[in-house]
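As structure tokens, one chain now follows by itself in the form predicted alone.
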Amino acid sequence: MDPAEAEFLAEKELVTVIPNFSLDRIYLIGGDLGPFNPGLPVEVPLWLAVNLKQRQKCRLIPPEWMDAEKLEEIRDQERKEDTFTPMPNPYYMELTKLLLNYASDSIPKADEIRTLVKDTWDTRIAKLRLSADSFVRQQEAHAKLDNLTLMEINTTGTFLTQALDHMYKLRTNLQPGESAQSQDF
């Protein structure tokens, strides 16, 4: 899975918008949306919120966790802990990117939020790299990493699987008493 696919999955997350138009309930395959009344908040998938925002049909309300003070606490907690801490949303990085790209005027302290989320991301990726390095050095067979998001797993997944594949090939070729034939198919 690549980052675009993770972003696609994140676009199904519900966000609150305040429409400036009237429309009855919309019946879609993924579920019913609306009704839309001017000034009354309604929850819609992120993909629709971005589309309405681009057409200037709504004002976006940022998710509760997308607050500078809360994100600062999350960042500080992540820096203190050796393990991965739970994130406020499994798609926090994708949501932040999309909301700040298309609706930064609706989000107070948008630049500060962007920086805090990036700092948290960098901290978590650094932890992930250290964990992967330790895993490979200790020649472990399996590992358990809790509280990772899909985007974080995808960021290092390809590298880690290739590294483990190379380690396996090196180990099998160095086993004494076995034939030196390659096990590649």
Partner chain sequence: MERMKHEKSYTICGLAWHPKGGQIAYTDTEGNLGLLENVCNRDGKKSSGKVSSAVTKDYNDLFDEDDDFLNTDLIEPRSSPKVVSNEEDDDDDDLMLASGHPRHRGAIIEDDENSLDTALMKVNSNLEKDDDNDQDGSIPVLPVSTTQRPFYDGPVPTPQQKPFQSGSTPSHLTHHFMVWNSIGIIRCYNDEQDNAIDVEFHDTSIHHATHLPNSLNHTMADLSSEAILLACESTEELASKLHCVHFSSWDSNKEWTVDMPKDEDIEAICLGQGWAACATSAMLTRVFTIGGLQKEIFSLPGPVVSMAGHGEQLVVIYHRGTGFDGDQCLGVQLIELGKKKRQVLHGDLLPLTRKSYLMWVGFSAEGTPCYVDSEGIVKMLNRGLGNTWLPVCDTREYCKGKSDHYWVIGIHENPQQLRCIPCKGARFPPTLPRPAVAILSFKLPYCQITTEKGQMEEQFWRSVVFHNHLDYLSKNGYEYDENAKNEAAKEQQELLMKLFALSCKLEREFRCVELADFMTQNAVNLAIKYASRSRKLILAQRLSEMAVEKATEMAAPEEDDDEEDDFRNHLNAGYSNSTTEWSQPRVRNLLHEQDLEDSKETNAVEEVEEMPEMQKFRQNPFCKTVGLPEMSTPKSAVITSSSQGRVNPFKVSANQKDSTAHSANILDNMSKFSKNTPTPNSRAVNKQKSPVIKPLIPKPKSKQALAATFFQPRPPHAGDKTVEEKEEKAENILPEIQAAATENKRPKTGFQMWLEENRESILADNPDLEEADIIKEGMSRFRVLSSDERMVWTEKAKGGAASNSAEAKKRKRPADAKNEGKEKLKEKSEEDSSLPKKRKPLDPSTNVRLSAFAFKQS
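Note that this is a predicted model, so its numbers are computed, not measured. Positions refer to the first chain, counted from 1.
Below, we refer to the form predicted together with the partner chain, which is not included among the displayed structures.
**Student:** For the spot marked by Pro90, Ile125 and Thr149, is every residue within 4.5 Å of the partner chain in the predicted bound form through some heavy atom?
**Tutor:** Zero of three within 4.5 Å in the predicted bound form.
**Student:** Look up in the predicted bound form whether Asn37 has a non-hydrogen atom within 4.5 angstroms of the partner chain, and give yes or no.
**Tutor:** Heavy-atom contact with the partner chain at 4.5 Å: present for Asn37.
**Student:** For Pro41, is any heavy atom within 4.5 Å of the partner chain in the predicted bound form, or not?
**Tutor:** Because a heavy atom of Pro41 falls inside 4.5 Å of the partner chain in the predicted bound form, the answer is yes.
**Student:** Consider Ile61 of the chain shown here, and say whether it contacts the partner chain in the predicted bound form, taking contact as heavy atoms within 4.5 Å.
**Tutor:** Yes, contact at 4.5 Å.
**Student:** At 4.5 Å between heavy atoms, is Asn173 in contact with the partner chain in the predicted bound form?
**Tutor:** Judged by the heavy-atom cut-off of 4.5 Å, Asn173 is well away from the partner chain in the predicted bound form.
**Student:** Within 4.5 Å, heavy atoms only, one stretch in 136-144, 25-33, 53-61, 149-157 touches the partner chain in the predicted bound form. Which?
**Tutor:** Heavy atoms within 4.5 Å of the partner chain in the predicted bound form occur in 53-61.
**Student:** Which residues within 18-33 place at least one heavy atom within 4.5 Å of the partner chain in the predicted bound form?
**Tutor:** Residues within 4.5 Å: Pro19, Asn20, Phe21, Ser22.
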